[in-house]
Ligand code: UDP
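Shown below, as structure tokens, is a lone chain in the form predicted alone; questions about how it binds or moves come after it.
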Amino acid sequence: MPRITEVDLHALPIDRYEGVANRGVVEQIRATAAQLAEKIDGRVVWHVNSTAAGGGVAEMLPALLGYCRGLHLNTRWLVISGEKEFFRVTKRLHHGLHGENGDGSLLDGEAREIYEATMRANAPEIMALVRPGDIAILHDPQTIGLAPALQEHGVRVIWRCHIGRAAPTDDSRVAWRFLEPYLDCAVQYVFSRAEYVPERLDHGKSKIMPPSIDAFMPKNQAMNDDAVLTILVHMGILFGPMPGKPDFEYLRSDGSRGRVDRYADIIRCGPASGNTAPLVTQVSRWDPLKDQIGLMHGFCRWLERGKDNGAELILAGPSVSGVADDPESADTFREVFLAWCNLPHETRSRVHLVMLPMVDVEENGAMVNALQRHSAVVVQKSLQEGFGLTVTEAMWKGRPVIASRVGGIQDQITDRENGLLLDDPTDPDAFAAALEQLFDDPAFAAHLGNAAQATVREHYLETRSLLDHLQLLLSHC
């Protein structure tokens, strides 16, 4: 029987953004929050999604809701549950909204019955918590089916869709038709990009709110060189001596000290990477749209160009048992592994497949933080992308980024100004040329990294997203 899970949240102090965010933003947030607190008058703001760990939504909510609580706003986070068949339907919808066919399964009457049965099973527990007059923000296709019951219960429903496609395809039209019966029950829609709003929706009810990252969460907080080296050697990614004073620690969101204790599961042919080997890294879910196999082929093409500087490729993602709402992850990882096995032996020794533990989400974040900070180049060679927070994370750390000109990535990166964009992510020669350019010109790579960090500071830190969120809620009180 599906069970609703409530995720524990920590109140976070917005004061720590003084001196980090642009001048005047923190004061504006405080004033808006005070106005909202007066108008909301005891009502609760609920966020509902399908997983507490893994994926962009689960990454964003702890910080966003934590700062809301720090501003004395009553906000809570619920996670629905479902059987494997439900998540296969929602994964098919995920691919469909991206304009892709996914596993080819039909979004037919049987799929709708599986979807609605899961909504019916989750609804009673939700209705026992949510009261008339509350606001519920439902995230992505997995939860929009709850909208009719919530609306009937007297709740104001907002739907936030984090994915989409600018140019519709037959598959995207089918996915939107599937969702259409539930969408009229929302009072507003929130999208990451204006291009993702389909024609069939009431554009007057749509608001554009790009996502953002929190500079103080374990995945993005400042980390000294000793901590980076300690964590990567401990995980097994790097080979080499620990620093003279090993530093395993990071700051948890509740203010306590955390320690990286777990190891990564790593598939490699030969020894771990040396401390001085330049790392080319992609961190992403094991998803066909992230094109890990194509990235391997692009890296091999770079090796064939004969300008070998000893670089090694890291393909990192969550443990395949750690993301509840992604039934494709194990199958995709298996395909990546088989493609890796088919690489020439010498090339295979330069490519490492890394699965990061998800038991402790904040420990996982510290691992990703260390890996991105140590990398010479960070890549996001997606075939489709909703927004691309892994790109934002790498840019914040001042890394030069090579990424596909798809989805929200192209909103973040201006080619050759703060990163490099691939017009055709399926072209291995284009990727090889971009990588060669960064390795041949370290000054240019450093310039891109510095400009990337400035872009995130201006547009994609949590303060901007929080202010957008508060203003959205104000409009519905």
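Start at 1 and count along the sequence shown; that's the residue number. All values derive from a computational prediction rather than experimental measurement.
Keep in mind that the form predicted together with the ligand is missing from the display, and what follows is about it.
Residue P318 is the only one of P288, P198, P318, G82 with a heavy atom lying within 4.5 Å of the ligand in the predicted bound form. Screening G298, G388, P400, P141 for any heavy atom within 4.5 Å of the ligand in the predicted bound form leaves a single hit, G388. Proximity of N364 to the ligand in the predicted bound form falls within the 4.5 Å heavy atom cutoff. The closest non-hydrogen atom of K381 lies beyond 4.5 Å of the ligand in the predicted bound form. Residue contact check for A111: none of its heavy atoms lie within 4.5 Å of the ligand in the predicted bound form. The closest non-hydrogen atom of V130 lies beyond 4.5 Å of the ligand in the predicted bound form.
Of the candidate stretches 231 to 239, 300 to 308, 149 to 157, 352 to 360, only 352 to 360 has residues whose heavy atoms lie within 4.5 Å of the ligand in the predicted bound form. Although the ligand is not shown here, in the predicted bound form the stretch 33 to 64 places heavy atoms of just one residue, E59, within 4.5 Å of it.
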